[in-house]
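Shown next as structure tokens: one chain only, the form predicted alone.
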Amino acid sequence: MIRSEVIQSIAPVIRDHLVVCNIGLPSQELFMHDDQPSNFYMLGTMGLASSIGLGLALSQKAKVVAIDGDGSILTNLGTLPTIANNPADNFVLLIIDNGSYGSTGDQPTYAGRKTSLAKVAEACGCENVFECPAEETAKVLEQALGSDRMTIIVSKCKSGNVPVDVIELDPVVIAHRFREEVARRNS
């Protein structure tokens, strides 16, 4: 499976939750497979989906899923110790690890070589970390959302992209509808 197929497989699992999705192709793929007002599409700020997701989880009670990539996590490694030291049991970080910077041309990352992001997360103090093959991601994510325990999932998939359109929604519209969903779920 490639990242787009992983995102398509998890769309039914995350549909009822607040989702912060990584910059570039992952956001475009989620938009293509299952656009929801509860999805916050990152159109800039590489490496911050996990940090924004954690902040959102800490600030309210609804479940939050942050979808990030190995390249973005490697760009902002400081997010993993921050997550470990600020636990939020309504937060799940899904790292889709395709071993490449998929949005910029599939240049290899160190996660595709020797670096294990699951082991890095554990070394940072994260306690509930799972690495799974792409085909098991939806099942592992569903279990994590049912556990009421902060969880980090590293989904190992193949590198590769599918053609996707750009997200035509204005960033102001994306933010507005997402804020309304956050407010609705916490009322």
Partner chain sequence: MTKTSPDVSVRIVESLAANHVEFITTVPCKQLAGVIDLVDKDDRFRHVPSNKEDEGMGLCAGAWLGGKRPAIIMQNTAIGVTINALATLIQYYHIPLPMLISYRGEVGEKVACQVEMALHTKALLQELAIPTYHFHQQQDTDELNGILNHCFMAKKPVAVLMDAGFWSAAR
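Numbering follows the first chain given and starts at 1. If you're wondering where the values come from, they're calculated on a predicted model, not measured in any experiment.
Although it is not shown, the form predicted in complex with the partner chain is what the next lines describe.
For the marked spot (S116, V129 and N161), a heavy atom within 4.5 Å of the partner chain in the predicted bound form is absent from each of the three residues. Contact annotation: the partner chain lies within 4.5 Å of heavy atoms from the stretch 46-54 in the predicted bound form, the single such stretch among 137-145, 150-158, 65-73, 46-54. Though the partner is left out of this view, V182 does reach within 4.5 Å of the partner chain in the predicted bound form, counting heavy atoms only. Contact between N98 and the partner chain in the predicted bound form is not found at the 4.5 Å heavy atom cutoff.
Mapping the unseen interface onto this chain, P171 counts among the residues with a heavy atom inside 4.5 Å of the partner chain in the predicted bound form. Although the partner is absent here, L58 lies within 4.5 Å of the partner chain in the predicted bound form, judged by heavy atoms. Residues in 5-24 all lack a heavy atom within 4.5 Å of the partner chain in the predicted bound form.
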